[in-house]
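The data below hold one chain only, encoded as structure tokens and taken in the form predicted on its own.
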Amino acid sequence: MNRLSSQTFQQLPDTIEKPDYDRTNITVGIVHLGIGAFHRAHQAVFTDDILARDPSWGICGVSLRSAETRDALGPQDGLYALKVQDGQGEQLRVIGSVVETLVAPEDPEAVLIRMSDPATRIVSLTVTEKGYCHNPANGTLDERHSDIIHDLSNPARPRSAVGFIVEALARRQAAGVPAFTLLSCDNLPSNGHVLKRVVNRFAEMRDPALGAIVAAVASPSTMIDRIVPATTDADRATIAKALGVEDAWPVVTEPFRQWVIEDDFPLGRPAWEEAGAVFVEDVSSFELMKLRLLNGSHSTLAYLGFLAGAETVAEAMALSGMEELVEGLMCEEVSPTLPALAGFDLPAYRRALVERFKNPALRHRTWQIAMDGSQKLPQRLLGTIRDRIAAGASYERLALGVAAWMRYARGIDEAGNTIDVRDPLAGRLAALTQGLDDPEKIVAAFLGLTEVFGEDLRVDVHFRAALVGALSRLLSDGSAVVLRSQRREG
């Protein structure tokens, strides 16, 4: 079978949506660090929608670790298929906005040259929480992180996103080229502020004068939303059959997409609003809503669902009591902590989330969502718990989500099998609870991770008691039984 490429995509079936612009006219205006499936199902699609209007916003995608994406997309001239599906059907579309792919470890200089090019006006990121080399409890740079230590000593050959950004900004300053806009698209509260904080601190550590320059760089915050499960071999086979050509790196997603962006782009930006993006002065309220409602619920159902044997989110939602748990968590514990959004229908948004989680066409694996829990919990669950504590309100469901993470992070499932725990702190998590069976001791061990829980939650006796109670039930009864109790209570 032929490969998807610039030579073959024009011969695709008429049912396949194709770029409505001449790709030979597209030039790079955006360098994106972390070109994974989410970026290619979200920001790259918004950008694809506007390239016919302005061809100067093509994307150079940079992989900071693996060459897989470059190796797959290179022979395809950056083209890939996007399959949008739900219970009612599916639609295939070819995306052409990625016009260059680079692999940072192979050639960091090529990446820095592209980032330093005056044509590059935006550097965006989807590097996940751990890619910021920060302390998740307070959002500051982790100055002891191995990549940060390396990049301070080797500024021309950086490893981290932070190191690449600061070196590129330093080169632009030396050449008299204005600074690009930094655009974080990761699930972090105030993601633009977090990115600016760690980048600025790194620059200060390199050179105080450079830190003063970096302090003036624009870094708007964003809120992003689209569920993007990992693409399977079965997905690739069905997509290839529909295309009539092989696509080594397609993306599968849902119909829903949302992008809220603070409008601060000194060098200009794509007209993403024409593709449905919303530009605002302050994204924080939208961001908090999404982090706590969608991401907090997602993590909670992922840990409990995985422990109960559910491979996918849809399977987890079908477990007895899970829907009641998710609805109760969102309505009774999370929503009261959210600021009012004028004109926004919060109950409708919650109902839409439940239906999205139940989408049977998306095989979004619970194990995939469960990754990097030590980095995700502070934003997704612990911040909400702090607000509930401050209000003197209950947080039993939120505590159950945290306890389920502790149960999962021990690395042994309910059948005694080893769990492949993917987390920056995986080694410490395993060592913390080795040989421990008593829930009180397990909770005490985890709460010692002050970079996750902070000192305030570590010493909160009511929080500790809530975790011990939830973990005791998970260990003695199992997650399926605990979930069924939610149904009886509902």
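The numbering used is simple: start at 1 and walk along the sequence shown. Quick caveat, the model's predicted, so the values are computed rather than measured.
What comes next is about the form predicted in complex with a small molecule, which is not displayed.
Residue heavy atoms within 4.5 Å of the small molecule in the model of the complex occur in exactly one stretch of 190-198, 208-216, 114-122, 372-380, and that stretch is 372-380.
The candidate spot formed by R226, K290 and H298 is fully in contact with the small molecule in the model of the complex: every one of the three has a heavy atom within 4.5 Å. Only one of the listed residues (H134, R269, R410, H364) places a non-hydrogen atom within 4.5 angstroms of the small molecule in the model of the complex, and that residue is H364. Contact with the small molecule in the model of the complex, defined as a heavy atom within 4.5 Å, holds for exactly one of V334, I165, V127, L294, namely L294.
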